[in-house]
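The chain below stands alone and is given in structure tokens; this is the form predicted alone.
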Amino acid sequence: MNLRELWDRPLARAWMAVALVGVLGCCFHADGAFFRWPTHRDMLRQVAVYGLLACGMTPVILTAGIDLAVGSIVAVSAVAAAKLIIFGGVDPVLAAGVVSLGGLALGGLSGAVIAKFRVQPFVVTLAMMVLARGLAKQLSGGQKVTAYAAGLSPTEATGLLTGLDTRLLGDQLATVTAIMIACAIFTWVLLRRTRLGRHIYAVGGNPEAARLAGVPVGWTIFWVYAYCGLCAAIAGLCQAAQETQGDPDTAMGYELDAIAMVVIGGTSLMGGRGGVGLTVLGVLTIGWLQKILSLNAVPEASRLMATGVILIGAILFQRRKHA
């Protein structure tokens, strides 16, 4: 295999992006901070919510779709979890199950409309984004749902809201990071080892050919959006745990970060090419880049612009490769 053939592989390009960011970190290490494990541990914890959204977004993009509603589903899930646990006294495990089913239902509703009426995913998920954000504000009364608002001390908001942000293996790994890793593994199994996964790639590659081959295109589209909603709900639970509150205004713009991570990893926006392994590399690329810029006190505006430039470059590179 020559260098050109190697470079044509998305996995090689994704690893190259990670390596370049690593070199950048070695050059601008902020007095050695980049070489310390706590820096990387904190980075993984900070990108866990985005990584969960990116895992759910990957199957959607593999079908040549898009889901703009995930940030709003994070918000309504965080609010619902806080309301159930802090105000309702519901067992955290039961609350997590209810919230997860809610996310599954919201995502499935988007998928059902897209599949049944063949409406553009952009339009449907944009409407769902507004609907879910409004639902979050309705549930919360337009205010943050906190233990203080319920007349409790922060330590009394026990269970899920304080438990998910504890550490595993001593101080070595945040629980939300472990949840992200588990979600990535499950998504990999879903895409690579199940019939649904094969259908997802078929629909993304050529939906008409997939339909003629007997693939249930409508059901496949329904389930990828339902799964994306489920991942967003889990991300909302993690968000509530880290913030120890339910904020109806949280996660604004998170859908753009998730899409950026998927695309920078190498999954094609045209559908049918890519996978969650590439998405994980995209998460690491963005996470490390943001951490390096933060360590070096680069203003947030500049960090956002840098991420935007990289995303545009990744999209243009994909277009050149698949033109």
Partner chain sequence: MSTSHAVRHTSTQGPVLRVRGVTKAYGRHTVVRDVDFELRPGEVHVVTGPNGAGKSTLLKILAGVVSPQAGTLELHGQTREFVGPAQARAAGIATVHQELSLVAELSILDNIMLAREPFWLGRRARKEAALSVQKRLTEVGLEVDVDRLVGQLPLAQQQRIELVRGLYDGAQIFLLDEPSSALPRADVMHLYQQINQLRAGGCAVLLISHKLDEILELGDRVSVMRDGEIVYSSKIATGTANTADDQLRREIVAAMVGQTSPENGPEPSAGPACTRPLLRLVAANVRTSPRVGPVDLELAPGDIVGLAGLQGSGIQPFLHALAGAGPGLDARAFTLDGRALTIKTPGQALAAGIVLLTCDRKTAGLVGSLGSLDNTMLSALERFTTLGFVHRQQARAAAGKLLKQANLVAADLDAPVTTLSGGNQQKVYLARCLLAKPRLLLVDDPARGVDLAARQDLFRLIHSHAQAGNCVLWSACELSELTANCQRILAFHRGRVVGCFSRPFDQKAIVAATLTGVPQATASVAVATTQEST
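Numbering follows the first chain given and starts at 1. Bear in mind the structure is a predicted one, so any value in this text is a computation, not a measurement.
Here the subject shifts to the form predicted together with its partner chain, a form of this protein not shown in this document.
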**Complete:** Note: exactly one of V123, V189, V130, V93 sits with a heavy atom within 4.5 Å of its partner chain in the predicted bound form, namely V189
**Request:** Find out whether any non-hydrogen atom of C183 is located within 4.5 angstroms of its partner chain in the predicted bound form, and reply yes or no.
**Result:** no
**Asked** H199 near its partner chain in the predicted bound form, any heavy atom under 4.5 Å?
**Response** yes
**Prompt:** Given that the partner is absent here, does G205 sit within 4.5 Å of its partner chain in the predicted bound form, heavy atoms only?
**Reply:** yes
**Prompt:** Closest heavy atom of G214 to its partner chain in the predicted bound form, within 4.5 Å or not?
**Reply:** yes
**Item:** its partner chain in the predicted bound form: contacting segment from 190 to 198, 101 to 109, 222 to 230, 74 to 82, heavy atom within 4.5 Å
**Value:** 190 to 198
**Message:** Heavy atom within 4.5 Å of its partner chain in the predicted bound form: which residues of 272 to 291 meet that condition, in order?
**Reply:** G272, R273
